[in-house]
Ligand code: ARG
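Shown next as structure tokens: one chain only, the form predicted alone.
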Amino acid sequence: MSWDAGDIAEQLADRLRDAISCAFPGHTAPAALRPSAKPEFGDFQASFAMALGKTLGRNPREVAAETLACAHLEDLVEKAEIAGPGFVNLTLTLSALTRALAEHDSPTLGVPSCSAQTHPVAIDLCGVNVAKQMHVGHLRATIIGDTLARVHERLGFKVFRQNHLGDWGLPIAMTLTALRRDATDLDTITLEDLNRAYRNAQAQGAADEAGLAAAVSMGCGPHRIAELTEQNEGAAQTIADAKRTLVALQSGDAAAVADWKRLIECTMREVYQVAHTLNVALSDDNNRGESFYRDELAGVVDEFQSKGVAREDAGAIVVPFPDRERPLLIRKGDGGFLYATTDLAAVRYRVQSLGSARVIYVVDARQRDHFRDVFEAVRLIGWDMLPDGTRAQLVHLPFGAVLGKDKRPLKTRSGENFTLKALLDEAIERGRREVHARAAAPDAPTHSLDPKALDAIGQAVGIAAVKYADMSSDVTRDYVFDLDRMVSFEGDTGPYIQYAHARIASMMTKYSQGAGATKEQSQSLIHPIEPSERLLALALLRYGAALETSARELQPARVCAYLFDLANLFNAFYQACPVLKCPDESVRESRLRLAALTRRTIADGLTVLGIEAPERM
């Protein structure tokens, strides 16, 4: 994957690479350029000289000096110093920084475009099962997948969101059979009713042959043996009835298919409601469930066999791997297919039909071995190869669990799994409570708002708290769901970022209603002279790089960390540099434009995370 690059850091890196080639013909090396850890060391620091010096057998400081002698940095760098064992510290000229900010202050906000990429990206997200309520695990699969889709879209990629519904097979047929037997009105059924029916159907289909054999051998009373016999006979009948329903579905029976679609509609109503609450882009167009691939499964197995990638093993069809004993089972001995068969068909569709050069599965860590096997099987048969010779990147992004304060999987007080809807309702309630409490203060910006408007802000705060907390650390790790910390307006939280945005918006409103209302705001350039201004300006220029890194590493945390840093730098700038009360008009105009650019960047970054950016808080 390649990125368009044109920011000032890339210009510096390019010129240093050219200088290395000039100073040491036949040798190339990356500039190893990064933002300086401390302002007193300049704006950027390059560490190329240490590695290159080792290659050349030369003193790194001498290598750095000879490189700088060949570098043409006059229009970009005010001061270049060699420090320590051979670090090169670079301080930009004010004019170069001003020009860079002017270019950044555009609709793109300096974000590079990958629109020239010929291949799209497919992202597997959400992954709900029909007839089952969404739980906290679906929170992570949904918002992480949506954010990665947004990051790629912001960079100009075409993205296919793929919601792999569990909407086919015997469990669904069992549920449908039970509902039809009870003459349930499927037009009015709720997902809670449907979930209950699903659990009951599973229980009714559960035989206990081992228990019956043990009861007989141990001489248990006739009552216990009769109970187990009745249970097993009932389970066998339940399974037989469900198989007849499944055959009817497979043959396209109109009545059975119509009822099956009602189960999907009932399930997806709540899924779409949750997605809307979470500000996640998800619709019918994204649904590619197991049923979508059902007619392709036999062909998948046949092709694996015909190409010699799969073999028969005791009546089953398996894909063996050269580096491990455990094969991948793709057809059972009774002719039935498995999840792996469906996933193979899904990968083929996403690469060969959609043309995706990157296929990302946002699925919990327990599926790690499964996807390892599926992806290896895809590579063995060559389905990861696109017609132009591009080999698609197949990635499983495993996420950790959501834990309670006791560091155990999050449960309700009764010990049951939290439904996602209940969790979000609680977060929204906490957000609203916090916003209403703050609005009670007479000097609060929201004091004059009506309760409905405060509720809307509170919901945005509650959802931001949940989403930011989920994505602000490495997604592969478990994290503790702690609303007390997450809803805070201070610290590394979503509401803190939102509040920084609202604070700037409030300042801009005051300007437009005050002295600024009498004239059009000047389009003069931003001149970041004070240290806190300069640090904020340099951070703004890193926005595009933060998005690139997030997409490359598949880590929304990179965007979160960038926004948190930007909010902190703005607050430091705001404390150190008067804006509205600055007596010098040209300085005031420069700082207003710097603040406005910061607001736009924070708003854009929050949008990438699928988080609202309220104007007042």
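The first residue of the shown sequence is 1; numbering continues from there. All values reported here derive from a predicted model rather than from experimental measurement.
Below, we turn to the form predicted in complex with the named molecule, even though it does not appear here.
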Among G127, P528, P171, P120, which has at least one heavy atom within 4.5 Å of the named molecule in the predicted bound form?
G127
Please pick, from A248, L535, V301, V363, the one residue with any non-hydrogen atom lying within 4.5 angstroms of the named molecule in the predicted bound form.
V363
Would you check, heavy atoms only and a 4.5 Å threshold, whether R348 touches the named molecule in the predicted bound form?
no
At the 4.5 Å heavy atom threshold, is G289 in contact with the named molecule in the predicted bound form?
no
With a cut-off of 4.5 Å between heavy atoms, is P327 one of the residues that contacts the named molecule in the predicted bound form?
no
Does the named molecule come within 4.5 Å of any heavy atom of H138 in the predicted bound form?
yes
Assert contact_stretch over 366-374, 437-445, 81-89, 261-269 against the named molecule in the predicted bound form, heavy atom within 4.5 Å, equals 366-374
Does any residue in 158-172 get within 4.5 Å of the named molecule in the predicted bound form, counting heavy atoms only, and if so which ones?
H164, G166
